[in-house]
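Listed next as structure tokens is one chain, alone, in the form predicted alone.
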Amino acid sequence: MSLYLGLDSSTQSLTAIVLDVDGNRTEAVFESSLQFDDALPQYGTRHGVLPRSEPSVAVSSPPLWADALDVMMARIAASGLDLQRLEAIAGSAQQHGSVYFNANAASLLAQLDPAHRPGAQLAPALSRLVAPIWMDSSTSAECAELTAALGGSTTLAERTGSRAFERFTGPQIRKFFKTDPAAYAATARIHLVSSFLASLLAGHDAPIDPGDASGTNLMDLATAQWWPAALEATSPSLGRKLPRIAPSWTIAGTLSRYWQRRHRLPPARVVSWSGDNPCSLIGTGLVREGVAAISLGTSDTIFGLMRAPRIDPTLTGHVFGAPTGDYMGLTCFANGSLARERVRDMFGLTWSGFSQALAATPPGNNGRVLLPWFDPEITPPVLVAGARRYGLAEDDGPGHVRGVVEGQMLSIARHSKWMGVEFDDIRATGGAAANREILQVMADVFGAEVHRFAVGNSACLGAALRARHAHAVAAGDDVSWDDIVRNVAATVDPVQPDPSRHAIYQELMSVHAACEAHALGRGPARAM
């Protein structure tokens, strides 16, 4: 019987899950979450972000993340679990954020005083007191510079998995070098949030795994190593400042003496951390092609495993490394739950009334199409917000309800075809996954069975499963990823597709594409 700890450091919170594994039985025996703002108010964050005067700038505090880890480890130590059975720890972290260490960091990490929290002790190790995070979109100029230096957006996507994105780490590093060259010169190591926290647990530098490294615009997908040309185009001597890239199951070390003495924890193996999206791939059980997860949250996201990297020709999708050693494709849509809420509120509906209106309207909406771009959209790129209606009257409430759901599902289906995978099984997560009528439209559009995912924090669960996998690999055990996720990444409430409705949506795909092309100024108006 062994215990495995998974941690997830998101934008706003830190979550922990402990799995108890005994043969073929795997059981979650501990789960806890803390909100940064509430648990550590002295840092002054709001929703995990430090106060900002510029909307495009978003930073947080590395000492905050370190102290949150300390609070969580104290909870685990007080849980009553037999922690001498704790074999391995792995983690998930918000992608794209970066932490900047000076030359003092190595000695400070190794000599933390167990009588005190880590945050204040780490502050002297930072060459930059704050960490830019994924919400920061202030690097458009740097993205343009990297794109020009590296042969254009298509070349950049083919080599790194994505065109230059403002939220990615490479452009953020370049901006830091340009705006504060002295602090950049004083930087000895640049970590991602994931490798920073793994280093804190191990007491020394931890590597970065390909899943998180591929969210930087700096990793060559083909080699899973840093791309020299991208490093050179970003900033001087960057290759010497970055940790090495190592497989996701790499053991970074054992839990340092600081954590052993402070919380009486055992010298468990510390597994390289990864990003939240790659960890969610494992936590939702997506370890074969043909299975996708659709997250219906503030933004809607579809992702799935890819055996070989395939690049989105529209350059809106992303390819990341997967913890399995494969790849994952991901496409994000900004108009998710907020668009559904906008329609609900426009017509004074409750969520129950929204569901009733959806169930009462015909599949295909009698050919009427709503492009629900109430906010600027990522996929497809739409800078000017505003819903576009085709054959749909502005006062038609039921038509808008079906229009927003069908418009979103058709868009997700169309803009995920670049992955080159036919999905026969879809796992639905996020708040709207509780709405069975929405899931029915999803099943009918894709022609695939849809399951609601039972566990709330799939990234944290994925981290715990990665800890188990890495421990097995280190022990020389021949264990498959199917064995790792079996009976753990569980789903409930299957929704079956209706073949006749799927046929309607197959015909509607071309109509939806034509409406989108017209709205983007790329095609003629559609006759109604």
Ligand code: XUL
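Don't overthink the numbering: it's just position in the shown sequence, from 1. A quick note: this is a predicted structure, and the numbers were derived from the prediction, not measured.
Same protein, other form: the form predicted in complex with ligand XUL, not shown, and the subject of what follows.
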* Candidate site T11, Q95 and N277: all three near ligand XUL in the predicted complex by heavy atom within 4.5 Å -> yes
* Consider R167 of the chain shown here, and say whether it contacts ligand XUL in the predicted complex, taking contact as heavy atoms within 4.5 Å. => yes
* **Distance check, W134 to ligand XUL in the predicted complex, heavy atom within 4.5 Å** => yes
* Asked: Using heavy atoms and a 4.5 Å limit, would one call F303 a contact residue for ligand XUL in the predicted complex?
  -> no
* Asked: Hey, in the predicted complex, does F320 get a heavy atom within 4.5 angstroms of ligand XUL?
  -> yes
* Please determine, with the chain shown alone, which of 386-394, 269-277, 408-416, 200-208 has non-hydrogen atoms within 4.5 Å of ligand XUL in the predicted complex. => 269-277
